[in-house]
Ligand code: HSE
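We begin with a single chain expressed as C-alpha cells, specifically the form predicted on its own.
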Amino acid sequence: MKISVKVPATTANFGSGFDCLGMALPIYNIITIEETVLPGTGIEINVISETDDDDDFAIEHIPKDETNIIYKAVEMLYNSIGQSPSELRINIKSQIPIAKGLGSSASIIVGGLLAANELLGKPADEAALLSIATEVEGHPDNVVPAIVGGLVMTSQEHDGSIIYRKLPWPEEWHLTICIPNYEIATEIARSVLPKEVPLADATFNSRRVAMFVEALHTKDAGLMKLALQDRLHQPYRMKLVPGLQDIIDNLKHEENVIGCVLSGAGPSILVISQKNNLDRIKSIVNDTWENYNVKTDIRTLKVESNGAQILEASYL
C-alpha cells in the first residue's frame, strides 16, 4: 500500500507569540510512504527538492536512515500500538525551503505521521497525532497548523496533550514572506536564547499576546502594531539575521505596514500590511538586503486554511 500526504509550510511566533502562535501557508511538501514487497529491505528515505532555494549540501546531508526525524515520528506511532516499522520506502518531495523558518521539519513529521497512520488503519486520532508530532518537533506552534491549517494558538500541557484554538485572520491584512538565500538551523537559533528572562520581559510578551488576539477579532491594525512587539526571542536572534533591524526600521514608517517579524526561528521574515503597497514593501526589503549581499525570494501569500491532506491511498 502507498500513501501520499500534502503538508503546508508554516510561519510561527508572530513576534510576541513565541512557541504558541503558528499559521499554515500555501507552500507544500509531499510525503509518500509505501510498504515495500520484499522482506528485509528495511527503511529507504529519498529527498527530492523542487525549489532552487535549497542548498544541495543541505539536501545531501539530510539523514536517509533511522536518524531522520520522519522515521522517529513513524516509529513512535508504530510503537504506540505495539509494532515496529519495517520495509518502508519514504519519499519526500520538498517545496518548502529548508532551515528558513517555514516549518520544513514540522511538515515532514506531520506528513510521515499521517501517512503511517493511514497505512496502519488510522489507530491514532487527532489528539494522539498532535502529541506525537509535538514530542518529535519539540514545540507545537508549527506542527499544529500543519495538521489543522489556518492561524492557531497552541499549548502543550504537562501530560503531553495539545490544546489549540483557531483564530480568524483578516482577509485585508496581507502576508509577505521574505526568504533570504542562506539558512539558520533551528538548533543554532535556539542556542542564542537565554535560559531565563527578566520578569518584565515575560509580562511584556503576555500583554502583547493578549493584544494580538483582540486585534484579530476587532481588525485593529494599530493594536496589532503593538501586539507584534517581542522581548523573548527576536532581540536575541537579531544578530543571526544581518539587515533585519534595518528592514524593520525602513518599514516602520511606511503607510499601511502593520509590522515586520521573524518567521519562526528565521532567517525568513514576515511583513504584515494592509492595502496595496506590496511593491513598495518588496523594494525596501530587496534594497536593504542587497546592502548585505543577501538575495531574497519574496512572496505575498494567503493563509492556507487546510492542514495536511491525504492525496493518494492505493494498493500496490
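For every residue, the number given is its place in the sequence shown, counted from 1. Computed from a predicted structure; not experimentally measured.
As for the form predicted in complex with this ligand, it is not shown, yet the points below apply to it.
- Residue contact with this ligand in the predicted complex: residue 265 places a heavy atom within 4.5 Å of it.
- Put simply, residue 230 is far from this ligand in the predicted complex: not one heavy atom of it is within 4.5 Å.
- Contact annotation: residue 12 falls within 4.5 Å of this ligand in the predicted complex, judged by heavy atom distances.
- Among heavy atoms of residue 139, some come within 4.5 Å of this ligand in the predicted complex.
- The partner is absent here; in the predicted complex, the one residue of 176, 91, 186, 95 having a heavy atom within 4.5 Å of this ligand is 186.
- A heavy atom within 4.5 Å of this ligand in the predicted complex is found for exactly one of 190, 122, 165, 217: 190.
- For the stretch 14-30, the set of residues having any non-hydrogen atom within 4.5 angstroms of this ligand in the predicted complex comprises 18, 19, in sequence order.
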